[in-house]
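Quick setup: one chain, the form predicted on its own, written in structure tokens, and binding and motion questions come after.
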Amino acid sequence: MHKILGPLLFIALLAFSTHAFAHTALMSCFDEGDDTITCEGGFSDGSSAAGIEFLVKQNDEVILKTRLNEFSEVNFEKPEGDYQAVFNAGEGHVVTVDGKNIF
């Protein structure tokens, strides 16, 4: 059920919100299977996220602070335990992905 709800919510936001077409921050992360995680950021209007701040937080502490590369990606070692990946493009443009949801 959760797998269907997420895409439906995303489609509804795009269909019913004029702001969604303006400049919504997006990020997806996946486990590479080699104890590293890759996250890719971007914006709904297709603009690049190269150079945008990226954080990894654990227990409300920043354990990694870097910037997305020229391909709007970042790769980092998978932390032990709970963590969050944060795409920080400024106020109203922050996307957080819980490590539990990265497969």
Partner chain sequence: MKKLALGLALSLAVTTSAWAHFQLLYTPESALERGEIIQLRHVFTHPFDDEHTMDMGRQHDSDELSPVEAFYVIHRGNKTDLRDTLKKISWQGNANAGAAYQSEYGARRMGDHVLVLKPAPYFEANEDTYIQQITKLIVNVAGMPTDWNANLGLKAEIVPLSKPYALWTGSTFSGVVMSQGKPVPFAELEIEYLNHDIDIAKNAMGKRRVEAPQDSFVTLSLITDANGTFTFGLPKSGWWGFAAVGVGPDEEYRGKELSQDAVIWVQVRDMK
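Residue numbers count along the first chain shown, from 1. Predicted, not measured: the structure shown is a model, and the values here were computed from it.
Same protein, other form: the form predicted in complex with the partner chain, not shown, and the subject of what follows.
Trainee: With a cut-off of 4.5 Å between heavy atoms, is residue 27 one of the residues that contacts the partner chain in the predicted complex?
Mentor: Residue 27 belongs to the contact set for the partner chain.
Trainee: Decide whether residue 35 counts as a contact residue for the partner chain in the predicted complex under a heavy atom distance cut-off of 4.5 Å.
Mentor: Heavy-atom contact with the partner chain at 4.5 Å: absent for residue 35.
Trainee: In the predicted complex, does residue 31 have a heavy atom within 4.5 Å of the partner chain?
Mentor: Output for residue 31 is yes: heavy atoms within 4.5 Å of the partner chain.
Trainee: Evaluate residue 58 for contact with the partner chain in the predicted complex, applying a 4.5 angstroms cut-off between non-hydrogen atoms, and reply yes or no.
Mentor: Contact check for residue 58: no, nothing within 4.5 Å of the partner chain in the predicted complex.
Trainee: Between 53-84 and the partner chain in the predicted complex, list the residues on our side with a heavy atom within 4.5 Å.
Mentor: Sequence-ordered list has one entry, 73.
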